[in-house]
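This document starts with one chain, in the form predicted alone, laid out as structure tokens.
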């Protein structure tokens, strides 16, 4: 085993470094500086490295591993047939690969939609549609229109296998097309792993070069993962354990940022209530959702618009909420200093937690039929999940992070929403989750032990 590793996260705002002593399974030191992707990404890295050396001195690192969400991360669109089926399955696969899904399209694309896609600054397109042996017309129509776009964005095809030969002919002259297994081979059965793998490969091969991060190849072995995928990998190893170390069990991670709130859940999510039937798409064991309208700064106004007035009053009583949200939207680098500012930020964080959890977890739908009442579960049941883990600046710097996470647990006022009832709360107060996801790619047991050591129980 190597002695020391340097784990690097080229973030959208900051480049963050975490130095690891592998022998003792300890964090030697951390540092960060502004990400400089617009000029030379190494500038921000070098500044952060200088700060780290001031703290810990000069150390030889056996490996340098990195993840990245710089320049907006991995920006994609997902195209499917039916919104609730292949379009949703494609979106889940892209999110699980660490992508930022800008938009989801369904049915046959229009020329107007193609013009919209052509104008987007995308890194990748995921094209799906139809179960194996099912509808071919829609995906073939969409492939023909995509072949005409001016910006030749890489396309990952994950649709009806019966249409693949014809799609290959249609996209024969397209610069970069990758074919993989159908994301939904049978009705309501999703097959996300092959798609995720192809998305990540393309991320390595093309996206890193496009972002200018390939300049780091002289000292970094590889940009292993998009940052959100690194967090999901950390969540998986923490929940499931490794060959030599037991995991914690089912977990949910609440990651609140300035623009989005990300939720990761690791666990089956099968019904825990009696006489409940599963309905709709199969839920992935490792699930990630991203709420682009629920954030603390850039998305503060959309958070205000998404929230119900009674919830705003519940979490932000006595506050001019619209005024505060407008200010934060216009001042994305705002750092709270006064007690009032912290109170407002915590209230907004509770709203973000409440609504992002409501969207992530499943719900019970009650139907009354001639033979009696029927209860269907749509989505993931997290009622009995063991842990909720909070990360992101507003949670880490809060005097009462438990109150923020509590906004995401089960409530008798919303009995149909299957949020955790009695989870234990943990805080990522050292911001180590993405770093541990990287470490887990080479040393899963060490990553797991270090998370157990450094994540704070509250």
Partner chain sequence: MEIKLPTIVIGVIGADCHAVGNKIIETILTEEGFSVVNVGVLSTQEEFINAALETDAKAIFISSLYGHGEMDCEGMREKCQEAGLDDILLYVGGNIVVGKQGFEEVEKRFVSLGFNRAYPPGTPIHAGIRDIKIDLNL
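Positions refer to the first chain, counted from 1. Basically, rigid core = biggest C-alpha set you can superpose within 1.5 Å across the two forms. What you see is a predicted model, and the numbers here were worked out from it, not measured in a lab.
Quick note: we don't show the form predicted together with the partner chain, though the next part is all about it.
*Asks:* Of these, 81, 155, 202, 259, which has a heavy atom no more than 4.5 Å from the partner chain in the model of the complex?
*Replies:* None of the others qualify; the residue that does is 81.
*Asks:* I need to confirm a contact call. Of 86, 353, 142, 382, which residue comes within 4.5 Å of the partner chain in the model of the complex, counting heavy atoms only?
*Replies:* Selected option: 86.
*Asks:* Among 367 to 375, 261 to 269, 142 to 150, 301 to 309, which stretch has residues whose heavy atoms lie within 4.5 Å of the partner chain in the model of the complex?
*Replies:* Among the listed stretches, the partner-contacting one is 367 to 375.
*Asks:* Could you tell me if residue 107 has a non-hydrogen atom within 4.5 Å of the partner chain in the model of the complex?
*Replies:* Looking in the model of the complex, residue contacts with the partner chain include residue 107, since a heavy atom lies within 4.5 Å.
*Asks:* Just to confirm, residue 162 within 4.5 Å of the partner chain in the model of the complex by heavy atoms?
*Replies:* Answer no; every heavy atom of residue 162 is more than 4.5 Å from the partner chain in the model of the complex.
*Asks:* How about residue 284: is it within 4.5 Å of the partner chain in the model of the complex, going by heavy atoms?
*Replies:* Residue 284 lies outside the contact set for the partner chain.
*Asks:* Please determine whether residue 130 contacts the partner chain in the model of the complex, using a 4.5 Å cut-off between heavy atoms.
*Replies:* Because a heavy atom of residue 130 falls inside 4.5 Å of the partner chain in the model of the complex, the answer is yes.
*Asks:* At 4.5 angstroms, heavy atoms only, are 134, 187 and 277 all close to the partner chain in the model of the complex?
*Replies:* Yes: 134, 187 and 277 each sit within 4.5 Å of the partner chain in the model of the complex.
*Asks:* Any CA movement of 2 Å or more for residue 337 between this form and the one not shown, core superposed?
*Replies:* The answer is no, as the C-alpha of residue 337 shifts between this form and the one not shown by less than 2 Å after core alignment.
*Asks:* With a threshold of 2 Å on the C-alpha, tell me if residue 275 counts as moved between this form and the one not shown once the core is superposed.
*Replies:* The answer is no, as the C-alpha of residue 275 shifts between this form and the one not shown by less than 2 Å after core alignment.
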